[in-house]
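Given as structure tokens, the chain that follows is alone and in the form predicted alone.
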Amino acid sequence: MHMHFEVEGGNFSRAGYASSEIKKVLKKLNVNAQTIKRIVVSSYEAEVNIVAHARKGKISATIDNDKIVLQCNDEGPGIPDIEKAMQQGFSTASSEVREMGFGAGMGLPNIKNNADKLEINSEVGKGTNVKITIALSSETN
């Protein structure tokens, strides 16, 4: 199963839409509740990063029998120092974004904590690609 979402930079009223739709599908597939939580936290953090930092982006979710792969690609400023961006509390969010309660510097660390595999590729001035892989638990709810 494959799902695809367009994400508009700066549109915080739609932030979380893709994550919510992914969650609905995972519930219908009877995926373990703890696994759904890990996936939704990861997808939401990636989605908010696109909204907060990029002009636009795309999120795709590919679900098979044993895993979900989230591909989050944006057209944004890029990340000059990925290692630094992975540190909790480090943020390049604007003061406007922070005043809305976002940009606390927890996005990428939260994704890392919930993902089984995380790959980040970024080019300054072009954008960032984040690939998140999470195994689907065989346990029932």
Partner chain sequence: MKSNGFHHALTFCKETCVGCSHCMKVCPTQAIRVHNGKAELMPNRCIDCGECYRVCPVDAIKVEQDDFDFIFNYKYRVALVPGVLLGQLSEEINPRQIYSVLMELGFTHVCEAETGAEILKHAMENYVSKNPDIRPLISAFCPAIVRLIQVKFPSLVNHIIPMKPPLDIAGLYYQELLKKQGVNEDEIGLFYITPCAAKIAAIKSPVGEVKSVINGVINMDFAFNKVLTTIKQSKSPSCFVPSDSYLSPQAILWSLTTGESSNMPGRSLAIDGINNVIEFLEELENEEVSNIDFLELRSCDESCAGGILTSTNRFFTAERLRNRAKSANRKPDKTEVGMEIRDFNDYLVDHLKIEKIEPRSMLKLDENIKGALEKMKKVNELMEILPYVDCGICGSPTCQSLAEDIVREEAEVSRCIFIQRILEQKGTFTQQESIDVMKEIWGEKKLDKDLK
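Residue numbers count along the first chain shown, from 1. Keep in mind the model is a prediction, meaning the values are calculated, not measured.
Just so it is clear, the following notes concern the form predicted in complex with its partner chain, a form of the same protein that is not shown.
Residues A61, I68 and I111 are none of them found to lie within 4.5 Å of its partner chain in the predicted bound form, as judged by heavy atom distances.
Residue contact with its partner chain in the predicted bound form: A54 places no heavy atom within 4.5 Å of it. By the criterion of a heavy atom within 4.5 Å, I120 is excluded from the residues contacting its partner chain in the predicted bound form. Interface residue remark: N30 is counted as part of the site for its partner chain in the predicted bound form, having a heavy atom within 4.5 Å. Using a 4.5 angstroms limit between non-hydrogen atoms, V40 touches its partner chain in the predicted bound form. Heavy atoms closer than or equal to 4.5 Å to its partner chain in the predicted bound form belong, across 1 to 20, to the residues M1, A15, G16, S20, ordered by sequence position.
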